[in-house]
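Below sits a lone chain in structure tokens, taken as the form predicted alone.
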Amino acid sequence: MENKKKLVIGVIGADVHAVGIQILDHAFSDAGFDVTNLGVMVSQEEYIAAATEIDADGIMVSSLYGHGELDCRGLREKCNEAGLEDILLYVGGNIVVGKQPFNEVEARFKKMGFNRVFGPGTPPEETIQCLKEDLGC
């Protein structure tokens, strides 16, 4: 039996958009990943606790209500403090308030320590391809 890469996924902060995270859960699972779906309204500490518990390879943060930038600040530092220095961090969805140039949004999130940043409407297949590249599977 092959060793599946483990992902923790969820919708960060006070965001209650549940449909997209279910779609991602199914897409990642169908692509061969071992997915722990934390659901909606997930705190940074919950992501980290789950990632530590299952020895995750990646944390996938989703947000649709526009406040992802605020909700994600400090996540990389908290991961590092918890011994998760090498964990892959992805973020995607409608992660900022208003219409902003994606290249600027992406640069800000990468500066916050995210490995990859995905805008609204990114197909799951694109994220899966990036996961396979980044995790070597």
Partner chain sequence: MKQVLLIDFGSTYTKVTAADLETREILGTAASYTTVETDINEGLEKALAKLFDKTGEIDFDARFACSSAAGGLKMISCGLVPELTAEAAKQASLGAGAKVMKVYSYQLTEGDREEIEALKPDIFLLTGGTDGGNKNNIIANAKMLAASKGDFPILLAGNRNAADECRRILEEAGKKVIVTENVMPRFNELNIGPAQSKIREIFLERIISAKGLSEASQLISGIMMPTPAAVLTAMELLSKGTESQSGWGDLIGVDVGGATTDVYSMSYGEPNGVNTVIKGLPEPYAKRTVEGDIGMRYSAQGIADAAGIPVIARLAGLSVEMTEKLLKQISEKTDTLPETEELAALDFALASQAVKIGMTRHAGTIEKVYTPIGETYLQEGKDLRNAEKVIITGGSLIHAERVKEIGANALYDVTQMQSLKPVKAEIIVDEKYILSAMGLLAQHAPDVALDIMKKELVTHGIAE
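Just so it is clear, the structure is predicted and the values come from calculations on it, not from any experiment. Residue numbers count along the first chain shown, from 1.
Beyond what is shown, the protein has a form predicted together with its partner chain; the following relates to that form.
Student: Is it true that 60, 71 and 130, all three, sit within 4.5 Å of its partner chain in the predicted bound form, judged by heavy atoms?
Tutor: Verified in the predicted bound form; spot residues all out of contact, no.
Student: By the heavy atom within 4.5 Å rule, which residue out of 87, 105, 50, 31 makes contact with its partner chain in the predicted bound form?
Tutor: Answer to the contact question: 50.
Student: What stretch, of 34-42, 93-101, 107-115, 71-79, brings heavy atoms to within 4.5 Å of its partner chain in the predicted bound form?
Tutor: Single hit among the candidates: 34-42.
Student: Residue 5 versus its partner chain, in the predicted bound form: is there a non-hydrogen atom within 4.5 Å?
Tutor: The answer is no: residue 5 has no heavy atom within 4.5 Å of its partner chain.
Student: Under a 4.5 Å heavy atom criterion, is residue 16 part of the interface with its partner chain in the predicted bound form?
Tutor: Residue 16: contacts its partner chain in the predicted bound form.
Student: For the stretch 62-101, which residues lie within 4.5 Å of its partner chain in the predicted bound form by non-hydrogen atom distance?
Tutor: 65, 67, in sequence order.
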